[in-house]
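Here you get one chain, nothing else, as structure tokens; it is the form predicted alone.
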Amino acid sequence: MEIRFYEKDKLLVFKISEEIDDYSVQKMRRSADYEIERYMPKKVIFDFDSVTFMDSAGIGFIIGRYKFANMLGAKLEVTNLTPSVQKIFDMSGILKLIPVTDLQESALR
């Protein structure tokens, strides 16, 4: 698991790669919360284009970051969902709460 981020003009993008499971979520949670609080963005986007596996811990991770970002006044979105991640998100109903966005369009707004 690897999580990288970049920030530009109050947009904070987290690029996640490999697997999202209970073990990796613990490290990702600390890192993401720290960067969200550090940069205080208006929008946070999680990019899933390199995620090969995700279980229910990933859903909890995203919902937790949604609540944390919302508490700080930021919007949270997801982008580049792989078919397996899309399936998990569809089954959980999380996409009723968190929008899927086109990363390039978001960067232009």
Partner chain sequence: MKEHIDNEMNLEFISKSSNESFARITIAAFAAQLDPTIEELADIKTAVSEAVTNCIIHAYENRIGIVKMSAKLKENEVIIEISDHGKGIENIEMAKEPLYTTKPNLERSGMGFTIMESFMDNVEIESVVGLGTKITMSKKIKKEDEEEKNVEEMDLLQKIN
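All of these numbers come straight from a predicted model, not from anything done at the bench. Positions refer to the first chain, counted from 1.
The protein also exists as the form predicted together with the partner chain; that form is not presented, and the subsequent description refers to it.
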query: Proximity of S17 to the partner chain in the model of the complex, heavy atoms at 4.5 Å; finding: no
query: Proximity of A57 to the partner chain in the model of the complex, heavy atoms at 4.5 Å; finding: yes
query: In the model of the complex, M91 touching the partner chain (heavy atom, 4.5 Å); finding: yes
query: The partner chain contact at F61 in the model of the complex, heavy atom, 4.5 Å; finding: yes
query: Residues D22, Q26 and R65 all lining the partner chain in the model of the complex, heavy atom within 4.5 Å; finding: yes
